[in-house]
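Before any questions on binding or motion, here is one chain by itself as structure tokens, the form predicted alone.
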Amino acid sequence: MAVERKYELYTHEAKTNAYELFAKMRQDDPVHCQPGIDGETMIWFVTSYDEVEQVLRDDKHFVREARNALPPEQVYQPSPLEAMMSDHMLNKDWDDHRRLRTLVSQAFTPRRVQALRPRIQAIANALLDDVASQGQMDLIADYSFHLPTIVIAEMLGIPVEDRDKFKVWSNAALTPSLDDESLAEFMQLMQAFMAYLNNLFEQRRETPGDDLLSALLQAEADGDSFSQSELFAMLFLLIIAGHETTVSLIANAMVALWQHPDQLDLLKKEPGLMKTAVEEFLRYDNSVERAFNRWVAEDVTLGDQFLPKGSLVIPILAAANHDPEKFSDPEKLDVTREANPHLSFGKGAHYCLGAPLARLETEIALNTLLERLPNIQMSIPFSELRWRFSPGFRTLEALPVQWKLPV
């Protein structure tokens, strides 16, 4: 017998009015169990800050691998392609997670990332050079998509001319497949993605370069414990998830500024505030709405609820980031907010490795946009914005904008 959902999380209306919905959940049912997107799987949705942080930090009780929480007969057996795509560090626990994270962590240290600043600035300027005279663009398709895509492509040594393929693959990876037709299309696209990577691996093995992919392949050759499956999955993670989140963060930040013109004026006058502002954009309307699901590895109490071993848990980061118990006036965008312990990059062992890069790209992208096109504005009313159907992410389908160049 199907169980009805108390809170409808999978509609356009839910995306449009997400923070109102999360506020009600956080107030009435901060740790609440109801069916997930399939209408059957029972999931504990967590919306209060303290409890979300507990789930993120406690990797003893809350694990990413089902096999660490469920008996073997209850663990879903993925297809070979699904298994290969998911064999990355975000889906690993404990020693397996640490091993994979260590292999790529050196490429994303704050010092290495800051060394990319001149190149990221040059990319941002070049993208605006291409469109400035037109007086209009889709901010996502023409700007925020390309900037992080070019950066990660260059870091990995991937031909930039292939970046449009990433968009197709990324959209497929982040959109749920809810019927046989969409699942078949998804599998076809992912097979094409894997074939592309396989060809790229062979090229780099024959002709290594001074790039992250060549370094990862060298680690594999040295027996530093990357399996072929893990290598595929790591590239999948870096190329798709690693750029998609920044694409949407830049767009969401601009929408937030247009909704708060006083904050937009302040940033134009004081661009030095942008680092603090980026933290506020991450809190206010981050591109990642929910953390990846966790499984309960041992019986645990969360808030006032008892969660038995084997339970499935989804922490809603966007809800936690608006918790009035943690943030003063959380529905207000304040680019000068100093105390800002948002959870947008996670906490604990799975804290986002790409956080320094995402921060830098967003800072440069926004400052460059406001400096070069100071009167940029949306071309449509806020009511016409449409969110993509992607439960874990807050990603607009498009963001048409227009401007007049300074005389």
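Being a predicted model, the structure only gives us computed values, none of them experimental. One rule holds for the numbers: they count along the sequence shown, beginning at 1.
Omitted here: the form predicted in complex with ligand HEM. The next part is about that form.
Only one of L174, V300, M137, L237 comes within 4.5 Å of ligand HEM in the predicted bound form through a heavy atom, and that residue is L237. The partner is absent here, but in the predicted bound form a heavy atom of L317, alone among L317, A277, I158, A251, sits within 4.5 Å of ligand HEM. Stretch-level contact analysis of 43-51, 342-350, 26-34, 377-385 against ligand HEM in the predicted bound form, using heavy atoms and a 4.5 Å limit, identifies 342-350. The candidate spot formed by N286, G354 and L357 is fully in contact with ligand HEM in the predicted bound form: every one of the three has a heavy atom within 4.5 Å. Residue contact check for R337: none of its heavy atoms lie within 4.5 Å of ligand HEM in the predicted bound form. None of the heavy atoms of M84 is located within 4.5 Å of ligand HEM in the predicted bound form.
Although the partner is absent here, F108 lies within 4.5 Å of ligand HEM in the predicted bound form, judged by heavy atoms. In the predicted bound form, ligand HEM lies farther than 4.5 Å from every heavy atom of A69.
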